[in-house]
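Only one chain comes next, encoded as C-alpha cells, the form predicted alone.
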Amino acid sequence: MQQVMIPAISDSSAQQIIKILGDTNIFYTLPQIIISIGALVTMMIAAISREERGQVINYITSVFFLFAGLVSSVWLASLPKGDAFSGMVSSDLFSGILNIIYSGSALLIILVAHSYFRNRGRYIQELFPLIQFAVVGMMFMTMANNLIIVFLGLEILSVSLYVLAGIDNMDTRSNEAAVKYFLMGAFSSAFLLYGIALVYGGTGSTGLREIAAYINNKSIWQNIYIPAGIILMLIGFGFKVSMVPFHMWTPDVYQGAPLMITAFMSTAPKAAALSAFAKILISMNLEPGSSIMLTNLIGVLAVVTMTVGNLMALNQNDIKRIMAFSSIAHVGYLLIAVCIMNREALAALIFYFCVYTIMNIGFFSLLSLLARDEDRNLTLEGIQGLGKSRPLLGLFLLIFLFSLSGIPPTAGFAAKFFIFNTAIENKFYLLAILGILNSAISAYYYLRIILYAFIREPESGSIDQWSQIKLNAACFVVIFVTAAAVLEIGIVPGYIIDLGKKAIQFL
C-alpha cells in the first residue's frame, strides 16, 4: 500500500501559533472557533441585509470560514495529540480526520445548496449559520473526552438539523419532516442523557478516562448502572444514526426535507454519532471484543439494520426514500466494524465514513440538477430519458450508483471489501456472509435507477426537459470532484486506509 506522508508542523511553529493565540485551549479548538465565528457573522448578515443580496454574501462568507476551518483541521491533524479545557476535549489525528470530513462535507453541501435554493426562488439565509453550527457540534462530539461534552455537541448538531429539515417554510412536507424529526430526536436525546446519568451514578464521573480507571478495577457487571447506561446510550445514538429498530423517522424526514439538507443529514452526522459511540467504548475499555454480550448485541443490530434497510428499499419508487433506506443499510455495514472494534475495524470505519460521504454528496448533488417541482419528480419514472438526453450526467449517475452498490473499481467496493475482509480475518464469518448477501440485495434497487434512466423509454417531454438543464458551475465542480474521488479512491485506496490505521493509534 502507498505510504502516507502527513505534512507536519514543527513544534516551534506550533508554539509560535499558541503564543499568538495566548492559550492552548484556543489552539486545539481552532476549527470550532473559526467556524463558530463564521456562523455568527452569517447570522448578523442575515439580520441586516436583503434576502437575495444577503444570501450571496452569506454564501461567500460561509465558504470562506468553512474552508478556513478545514485548513485548520488539517494543521491540527499533523500535530501530536493535545488536550484542551482540562482534558475534556483532545485534538489528535483521529479527531482531525473526522473534522476534515465534517467541514469538507459541509463545504460541498453549501456549494450546491446555494444554487439549489436560488433556482427555486428561495432566499434562506439561515441555511448557512445552521450548517456551520452543526459542524461545530460534530467536531465537539468527536474530540470529547467527557460524556457531557458529547451530549452538548450532539444537541448543537441536533437542534441545527431540526431547523434545517423544516427550513423551506413554503413546503408543507418540509415542515412535517421537521416536526417528526424534532419529536423523535428529543425522545432519543432523553435516552442518551439518562444513559449518561446512569454511568455517572455507577462510576462517579463523566470523564472517559476516569470511567475507564473505575472499570479497570472492577467488572462492569458488579454495578448494574454501568451496563444499563451503556445500553441506553446505544439506543440514543441508534436513533441518531437510523439504526433498526430506531429508524422509523428516517424515510419520512429524508423525503420531506429539502434535497441538499437530506444529503447533509445522511452523511456527516451519522459519522459523528457512530465515531463518538466507538470512541466512548474504546476510551472506557469496553470494546465489544472484551464482552460477548455486547459483541452479540451489536452484531445482531448490524444484521437487522442492513437487512431491513435493503429489503424496505426494494419496493420504493421515490428516490429520496430509496436513499433513506439505503442509508439505514449502510449503517448496518458500519456496525460490523463497531462490533469487531480492533485497529483494522476502526480504520475500516473511518475509511467507510470518508467514502460514503463523498459518494452520497455527489449523488445528491446530481439529483439537485434533475429536481423540478419541489423534488416531486425524483421518482423512478421521473428520471426516464436522462441517459439518452444527457449522457455526461448519465455517466456520473452510473459512477455514484455503482459505488453505492459496491461494484469495482469504485470507492464503495473498496470500503465494503475492507469491512467484510476485516470481519473474515477476525473470524466473524456470519457477519461477513450476511453483509455480502445484503450488498447483493442492494445492487437490485440501485440498478433499478439505472434501468429507468437508460433503458426505459422516456415519458413524453422528458427529453426536452433534460435538455434544458443548466449546469451550475459550483454544482458541476462538486459532482466532477466527487465522481473523480470515487474512482481514484476505488483504484488506490491504500493511502486513506493507512491514514485511518495511524489515526486509531491515538485512541
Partner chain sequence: MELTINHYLVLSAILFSIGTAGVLIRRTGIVILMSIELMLNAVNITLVAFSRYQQQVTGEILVFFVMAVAAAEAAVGLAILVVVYHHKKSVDVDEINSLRR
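Residue numbers count along the first chain shown, from 1. Bear in mind that the values here come from a model prediction, so they are computed numbers and not experimental data.
The same protein has a further form, the form predicted together with its partner chain, not shown here; the description that follows concerns it.
Contact annotation for residue 92: none of its heavy atoms lies within 4.5 Å of its partner chain in the predicted bound form. In the predicted bound form, no heavy atom of residue 75 sits within 4.5 Å of its partner chain. In the predicted bound form, its partner chain lies within 4.5 Å of some heavy atom of residue 204. Its partner chain is not drawn, but in the predicted bound form it has a heavy atom within 4.5 Å of residue 256. The putative spot formed by 162, 191 and 200 is fully lined by its partner chain in the predicted bound form; each residue has a non-hydrogen atom within 4.5 angstroms of it. Residues placing heavy atoms within 4.5 Å of its partner chain in the predicted bound form fall in a single listed stretch, namely 145 to 153, out of 109 to 117, 145 to 153, 361 to 369, 261 to 269.
Between its partner chain and the residues 316, 379, 342, 283, the one pair within 4.5 Å by heavy atoms in the predicted bound form involves 316. Only one of the listed residues (79, 212, 393, 196) places a non-hydrogen atom within 4.5 angstroms of its partner chain in the predicted bound form, and that residue is 196.
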